[in-house]
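Only one chain is included here, represented as structure tokens and corresponding to the form predicted alone.
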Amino acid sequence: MAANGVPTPKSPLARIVTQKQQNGISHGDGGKTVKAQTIDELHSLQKKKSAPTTPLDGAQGAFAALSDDERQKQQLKSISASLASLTRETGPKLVKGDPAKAQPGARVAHHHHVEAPTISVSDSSLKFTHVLYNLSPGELYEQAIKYEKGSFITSTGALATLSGAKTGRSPRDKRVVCDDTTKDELWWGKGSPNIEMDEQTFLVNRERAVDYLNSLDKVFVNDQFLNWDPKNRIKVRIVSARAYHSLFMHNMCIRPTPEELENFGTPDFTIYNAGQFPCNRFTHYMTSSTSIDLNLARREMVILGTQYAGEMKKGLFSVMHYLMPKRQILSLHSGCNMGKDGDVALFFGLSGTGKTTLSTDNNRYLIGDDEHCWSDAGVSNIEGGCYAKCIDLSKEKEPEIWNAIKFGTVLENVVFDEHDREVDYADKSVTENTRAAYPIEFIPNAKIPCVGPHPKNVILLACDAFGVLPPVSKLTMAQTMYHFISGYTALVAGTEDGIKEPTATFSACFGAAFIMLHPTKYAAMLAEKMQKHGATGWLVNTGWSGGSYGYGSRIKLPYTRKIIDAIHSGSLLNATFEKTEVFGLEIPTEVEGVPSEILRPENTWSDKKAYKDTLLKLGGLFKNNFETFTNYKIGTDNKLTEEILAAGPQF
């Protein structure tokens, strides 16, 4: 301070200068300006170039020696062959990359393409189709947000999108080509999900789909795998028009490494998803403007008139239900988890039975939530992701699914706040069938790779709204087959209108909509594998106790979890069992942590006559349903067939 009392101004602090390193890089804030003269040039510096990964035909050994141009040429040739028109004998002229980023004149100068057709020249031969190949989630987000109406990023980073007019599968519009092979192999007729079409009609629809895709400026192409068992995995190619569909399949199929893509080669199965474009309703076999067509001989699937992504997932599941049994591998519509000691459990159950909830267990590894194969090596997940219902989803009830809804996840048809983008999972304004599709590694305790040893327990789940099935029963082999073929649950129809009468639902093999062969063939394979590997069958009722819906109450989830824990640990095998009437089920007299009185259903009913009447009613529904399967022989002789029939309700 100066003598006159006026503060002396402080000298400015010396600037800290970081010395240049030997490589000439400065760490201070006084670096040189960038060389870019325009924003576009600056953006070009922002993105690091990455080498493309390309599937090749029979040139695996020479892959490293290929130039980038040759590698791209191989890839485009393969994709062009997939998109070849049947009448014009050649595929479209393809270039790689987003057409919005292409420079004028650059498309012809810098890209390879297949030769133009020499016959039946049309205007389609004058244009290029851009291929967006195996894009990353980030790239697909950009495509969806820019070009697809109804695509938004939610508060947790998930991509919310709309599937259009169809918000669920269209099973009545699904067709399978009936040819000389499939007419004898597949399950046709009463109860079957397989509705026939002929080869000619399939080709008409295929041409319509391919022509639509070729008319677009760009298409998305995914090359991926099905089945985590490396010996039995299937190579699939999905050609689609929407970024949403490409991201969905990126999540649901198994994602190849760059090295695996190098050797991908020709796909084993191809999907042409032209869902924005309708089929011609005047075409033979068509009943609406929607058609989902499978041709097992050509290994192709065509989608017209529906943008619901689940059609692709379940279509491929149907294909696996056909291909895997040919290799003596059982395909299963089930959840699967594994304990820390390597004990594997399969969970079968229709919608609302708790299959996803019970197979997702903090104390066990998740192998998969929906689709599996059981081979001589053990079990393997078919998929690379999970497709969870998210109506009424909450962090408290299902924290694993809640936390998996983040960047990379597709949210279908959900409602969210316009400003903060918080999703309202209770809102059914678009549909009740809201869904989340995410890679399986988004579940913290997922087992990667998704394979495990042979199952120790096979758990059949039923939500019995009639309230007469016990909370848990140990099944004989014949009973396991009977209940597996039946695929029972009971739902409450029309509760909003006050209707309290439960409705029985039967779906063969707990997935009749997707099976291709007769249910008894899958049942025979399941029996053979369970006997060979010593697996135990269990029937677990997650439904009502003390009366039917409207009178009794639903069995508490903590009790069901205690039952499942006792199955996993093996302690339930050592329990004392009693036999029930009508269904002849073996039920334990006690389970740790579960009130003993609820284990025997009649104990919980105050009206014993009502209990008996309801039990006989349900038994009759089982008998009526099973009549469809009584004329089929299971195994090499009729012995197992007779045992299975005897394992049903007796009265």
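Just count from 1 along the sequence shown to find any residue number. The structure displayed is predicted, hence computed values, not measured ones.
What comes next is about the form predicted in complex with a small molecule, which is not displayed.
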If contact means a heavy atom within 4.5 Å, which one of 128 to 136, 570 to 578, 264 to 272, 312 to 320 is the stretch that engages the small molecule in the predicted bound form?
312 to 320
In the predicted bound form, does every one of 93, 141 and 218 come within 4.5 Å of the small molecule, counting any heavy atom?
no
Looking at 483, 355, 206, 518, which is the one with a non-hydrogen atom within 4.5 Å of the small molecule in the predicted bound form?
355
Residue within 4.5 Å of the small molecule in the predicted bound form by heavy atom, from 250, 435, 242, 237, is 435
Hey, in the predicted bound form, is residue 387 touching the small molecule, heavy atoms inside 4.5 Å?
yes
Are any of the heavy atoms in residue 531 no more than 4.5 Å from a heavy atom of the small molecule in the predicted bound form?
no
Flag residue 255 as yes or no: does it have a non-hydrogen atom within 4.5 angstroms of any non-hydrogen atom of the small molecule in the predicted bound form?
no
Taking the small molecule as it sits in the predicted bound form, is residue 333 in contact with it (heavy atom to heavy atom, 4.5 Å or less)?
yes
